[in-house]
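Just one chain follows, in the form predicted on its own, and it is written as structure tokens.
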């Protein structure tokens, strides 16, 4: 299974120290890349992130994305 960092790297969104960045504020994730990332995460982790969970706060940091993934995997 690919890691979140691998997914970001394959999407050309990976940057050095990305784990310490605000992905929304830094402009790494825009609306298009966010939708693409959700699709990649859903496919890789075999989960479905509900539309109401696709918010800037849930995708602001690597940690918040991992929390969201783990939350969906528990369902």
Partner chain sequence: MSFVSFEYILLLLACVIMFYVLPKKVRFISVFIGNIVFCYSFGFTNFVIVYGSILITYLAAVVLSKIIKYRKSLCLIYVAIMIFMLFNFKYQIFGVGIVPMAISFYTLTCIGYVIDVYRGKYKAEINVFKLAAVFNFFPIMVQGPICRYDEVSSDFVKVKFDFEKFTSGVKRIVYGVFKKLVIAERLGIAFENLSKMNDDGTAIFLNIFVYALYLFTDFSAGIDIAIGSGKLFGIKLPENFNKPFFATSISDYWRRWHMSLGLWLRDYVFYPVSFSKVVVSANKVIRGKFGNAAARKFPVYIATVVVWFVTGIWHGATANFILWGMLNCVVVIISLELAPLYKKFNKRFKFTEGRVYGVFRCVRTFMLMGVLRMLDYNTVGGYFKSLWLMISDFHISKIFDMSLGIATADVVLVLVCMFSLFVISLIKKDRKRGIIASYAMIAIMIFATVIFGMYGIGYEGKEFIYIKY
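Computed from a prediction, not measured in an experiment: that's the story for all the values here. Numbering follows the first chain given and starts at 1.
The form predicted in complex with its partner chain exists for this protein as well; it is not shown, and the discussion that follows is about that form.
- Screening 63, 25, 16, 12 for any heavy atom within 4.5 Å of its partner chain in the predicted complex leaves a single hit, 12.
- Not one of 45, 68 and 69 places a heavy atom within 4.5 Å of its partner chain in the predicted complex.
- A residue is said to contact a partner when one of its heavy atoms sits within 4.5 Å of a partner heavy atom; residue 21 fails this definition for its partner chain in the predicted complex, lying far away.
- In sequence order, 51, 52, 54, 56 are the residues of 48 to 74 having a heavy atom within 4.5 Å of its partner chain in the predicted complex; the partner itself is omitted from this view.
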